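Taking the form predicted on its own, here's one chain by itself in structure tokens.
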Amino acid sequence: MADRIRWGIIGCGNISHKFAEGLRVLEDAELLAVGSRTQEKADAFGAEFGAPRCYGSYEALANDPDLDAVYVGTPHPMHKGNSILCLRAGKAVLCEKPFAINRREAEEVIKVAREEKRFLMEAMWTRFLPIIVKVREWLKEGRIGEPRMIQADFGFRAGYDEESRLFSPHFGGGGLLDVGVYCVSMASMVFETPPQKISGLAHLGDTGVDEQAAYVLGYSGGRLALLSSAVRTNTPHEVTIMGTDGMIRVHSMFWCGTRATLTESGHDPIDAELPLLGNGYNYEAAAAGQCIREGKLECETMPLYETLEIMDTLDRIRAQWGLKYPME
């Protein structure tokens, strides 16, 4: 494999634009190809980001023999099929979160990756940001003692449109899968284990998806995660991790954050400011590329077993609300 990872992108939506923008700051990566369901969209995306190969179908992109890895940036229900398509074609895959609609779909994708012996990772880009790396360092060093509780929220007010993917059950709509996954993943990162108990409430709107919700995850030893998500309500977008000897606060817009405060018991607060290089999506691409070059099949920072645990937690939360998507 060449030193530069040659990327393909499936899907031409907003998230794919962000990933393509992130690739621009990486010297050891290049955007070689883009695939869309229409040639027109592929050509427009390729022209914007300098991708020399533009395909009017996902199958054509997956079968490009020169690609090393593919970023799957399509809507939630297409993640499983698109990822399997690329894995079967011999490509490494970085799949946008949520990794799939449910745990069963996630298991299918991971099974194929292991059969094909190809790298696979969930694109939880927040986990690779410098400030979140610093938070993990503080936790590992025991700076706040034992983490006992975490609060995290991610909600925004979208204009109501029942045809939008945010509100359509056919696209896996609702706040939980779109942005709540950030909060659940953050709790998983802190506690390093799946929850034993779950309790939550949601407001299901006219289309039947969760427009706003709050849920409590209970872990062994009494540890708790208090989480909320929404697509019709603005929230602070903050994370607070509370331990036996202090706390860590990741300030507003934690999911793309640059600033956190460490408060150790008996000490003055320590502020950390770590600006992003590029738009932040480059960090997950760099991590995936490094794994691919080293011949790894998954990434230690976002391992596949944890992706499965997170999907299982999302399933259990939705089950309490009676929210089931048409494709399930």
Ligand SMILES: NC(=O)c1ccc[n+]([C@@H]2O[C@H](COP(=O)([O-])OP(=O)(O)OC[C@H]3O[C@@H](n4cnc5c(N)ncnc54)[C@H](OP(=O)(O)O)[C@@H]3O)[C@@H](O)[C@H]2O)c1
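This one's a predicted model, so the numbers in the text were calculated from it and none came from an experiment. The numbering used is simple: start at 1 and walk along the sequence shown.
Although not depicted, the form predicted together with the named molecule is the subject of the following passage.
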Considering non-hydrogen atoms and a 4.5 Å limit, does the named molecule approach K41 in the predicted bound form?
yes
Would you classify F171 as touching the named molecule in the predicted bound form, given a 4.5 Å non-hydrogen atom cut-off?
yes
Within 4.5 Å, heavy atoms only: does R259 come near the named molecule in the predicted bound form?
no
Does any part of L308 reach within 4.5 Å of the named molecule in the predicted bound form? Heavy atoms only, please.
no
Looking at heavy atoms inside 4.5 Å, which stretch does the named molecule contact in the predicted bound form, given the options 209-217, 134-142, 112-120, 76-84?
76-84
Which residue, H237, R127, R232, K97, is the contact with the named molecule in the predicted bound form, using a 4.5 Å heavy atom cutoff?
K97
In sequence order, the residues of 140-155 that place a heavy atom within 4.5 Å of the named molecule in the predicted bound form are none
